[in-house]
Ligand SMILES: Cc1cc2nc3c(=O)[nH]c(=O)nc-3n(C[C@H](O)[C@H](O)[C@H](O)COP(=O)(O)OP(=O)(O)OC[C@H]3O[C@@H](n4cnc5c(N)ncnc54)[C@H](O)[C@@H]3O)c2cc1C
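Consider the single chain below, provided in structure tokens and representing the form predicted on its own.
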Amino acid sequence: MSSAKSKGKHDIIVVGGGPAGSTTARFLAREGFKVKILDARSHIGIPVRCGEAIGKETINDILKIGVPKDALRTEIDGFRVFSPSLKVIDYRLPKGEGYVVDRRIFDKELLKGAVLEGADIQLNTRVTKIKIDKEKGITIKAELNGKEITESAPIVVGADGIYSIIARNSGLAKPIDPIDLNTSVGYEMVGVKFEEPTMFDLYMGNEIAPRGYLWVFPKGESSANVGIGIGVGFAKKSVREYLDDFIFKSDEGKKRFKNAKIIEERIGAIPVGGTLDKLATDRVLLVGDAARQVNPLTGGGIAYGMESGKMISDTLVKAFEKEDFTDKFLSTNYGKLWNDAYGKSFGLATKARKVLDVLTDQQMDNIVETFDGEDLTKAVRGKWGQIKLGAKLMKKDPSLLKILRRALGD
């Protein structure tokens, strides 16, 4: 693909150099586009705001780029989900689940991959405003080391996170509803006790993590990312207090973290309300958290944003060939790729997440007793129609079956 049709310095500007932005730029540059990444930070990968887990399928099979060698900390073979009373779903996947990476290295290596493919990068650049001219392109106002600058390109990709300037200025996003937001606090800890260092653990319960869960992701032999995500408006105390109470006061926490020390603290926000209604408009496309491409049930988003970067590349190859950068063309083509891949599963996950808003601890116990690991994996992937639980749930907890049917529209 040649991008000779563009008369300016850049065909596409990507705002944001995280995994979604760098992956988008990487595939665009590979297609021959003149791509420039703008990022407000001086160091990609800092600060870390998540549990650092990513699925094997995305990075190995779908994108075929693999995990940067130095970024890989642990290969994950399966998971355990603990109910409020510590009943457990224990599940090993045949080919393994994924990886826990070091985002400081992972993000920088993804950026390196984009630059090696031909993308340009400009750090310390905080975008403040964009102006869309449907005929001529996009003008970007930004601050570079405190000085105002102007950039322009036919296309802009917003990969600038949950509070995206690009999403707001283009009219694609309104302020997020608090009900659709989880807040998170996490620690990297050393000296953590593992029964199985290749399994990640999730703890659920209204006293543990209301409308959310607490996670323990192994990060090497005795290190772990330990964090919590809680629905805004559901907490009776601060998010940090929930995490500290579990680690330092609960029997389970004292058993697992008795000799552990915190070496890093993290805070963040997780959009769990599903993707935006539209992912693109005239000359603008959104990716990653900016598009709210985060699984509403799990809060995971790295893989979805990276996969969407490839979708954007495929869309823009066609757009430049046809010289069609309209809302209709971009939103239809990119939207179809996203919806074909994840539209149904995200829709069902959004409904399932709303079940968590009302579940009691007893009902969570009943779910864990009724589901097995395969059922839970199907639920996360939106394959609710393949889960045969009606008779089991009717016997175990008819009220729970009614809630699930009402929420999922069955």
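When you see a residue number, it is the position in the sequence shown, counting from 1. Since we're looking at a predicted model, the values are computed, not measured.
The form predicted together with the ligand exists for this protein as well; it is not shown, and the discussion that follows is about that form.
- With the partner omitted here, the stretch from 237 to 245, 272 to 280, 255 to 263, 119 to 127 that lies within 4.5 Å of the ligand by heavy atoms in the predicted complex is 119 to 127.
- With the partner omitted from this view, the residue of 197, 205, 268, 113 that lies near the ligand in the predicted complex is 268 [heavy atom within 4.5 Å].
- For the residues 294, 167, 138, 316, the 4.5 Å heavy atom test against the ligand in the predicted complex is passed only by 294.
- For the chain shown alone, residue 53 is a contact residue for the ligand in the predicted complex, at least one non-hydrogen atom being within 4.5 angstroms.
- Although the partner is absent here, residue 41 sits close enough that one of its heavy atoms falls within 4.5 Å of the ligand in the predicted complex.
- Of the heavy atoms in residue 161, some are within 4.5 Å of the ligand in the predicted complex.
- Although the partner is absent here, residue 98 lies well away from the ligand in the predicted complex, with no heavy atom inside 4.5 Å.
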